[in-house]
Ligand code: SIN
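What follows is a single chain, given as structure tokens, in the form predicted alone.
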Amino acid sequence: MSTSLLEELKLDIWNPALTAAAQAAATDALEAGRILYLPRLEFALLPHEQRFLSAEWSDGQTKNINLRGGERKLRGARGGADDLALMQAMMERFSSQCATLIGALLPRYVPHLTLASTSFRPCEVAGRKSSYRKDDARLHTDAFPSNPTGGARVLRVFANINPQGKPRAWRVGEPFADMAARFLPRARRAWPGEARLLRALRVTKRSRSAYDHLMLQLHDRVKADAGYQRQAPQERIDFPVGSTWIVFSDQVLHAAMSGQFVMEETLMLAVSGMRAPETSPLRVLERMTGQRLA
């Protein structure tokens, strides 16, 4: 598979021994807006876990089955207590392997990371009905309406575990700065007191920074622009079964077009933990607006 955004790494174990130069190169590629692609790194299910490869385990209320942060309460699944305990153990094992991989590949980040969630995605992406804001088949960068990041990076690890050999099909778009230059002039600035009101009404878990507000504006306006979705610079990537990929999803424009059965880990990284903080969306938007945003 060839695309300008992929940085291919020929690793086939979750705890590889890497040189400092290889670690720095992987870090620099990620921060430049590339996707670390590990085509030989498989998350292998245990024999008793194969039965979880069915959409019937979803409760139908949410698109993913997930464990949030330190709470680690299984959400979005249905089934007996024993079955759900085994499913959670599968997800925790994936989370543990992701932590091992990040420690080996991106050790600079480890002291600055916070675990946000671990998810199992058993439902087919293609054909899912949703509002345009929630439609992940439209190009977007990640921003969270109820959970502001305050400028922290959104680092995600994905693994395709589809039993029928079906790839996870993505579209990826233009560099973040190019997208922001198009849409920032259209972005509504926050009203005075808006962040405090949203927090008081419990719409958000904490106060939105100016950065969070602008990122949500960009997220929504990009998704709403049908012409941009069709005509913007973009490439298709098919991530095959048995592959793993790592991406800053707040920076890389992406859209999930089709695929079923994926594991995913979300980690938040403080900008201060980056090798090149100036490449972060926070610093890009601060340069564009001439304002401190978080």
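Since we're looking at a predicted model, the values are computed, not measured. All residue numbers refer to positions in the sequence shown, first residue = 1.
Quick note: we don't show the form predicted in complex with the named molecule, though the next part is all about it.
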Checklist entry - Can all three of 208, 212 and 283 be found with a heavy atom no more than 4.5 Å from the named molecule in the model of the complex? => result no
Next on the checklist: Quick check on residue 170: any heavy atom within 4.5 Å of the named molecule in the model of the complex?
Outcome noted: yes
Checklist entry - Is the gap between residue 153 and the named molecule in the model of the complex 4.5 Å or less for some heavy atom pair? => result no
Checklist entry - According to a 4.5 angstroms non-hydrogen atom cut-off, is residue 256 in contact with the named molecule in the model of the complex? => result yes
Checklist entry - Hey, in the model of the complex, is residue 94 touching the named molecule, heavy atoms inside 4.5 Å? => result no
Checklist entry - Just one of 174-182, 84-92, 138-146, 199-207 has heavy atoms within 4.5 Å of the named molecule in the model of the complex; which? => result 138-146
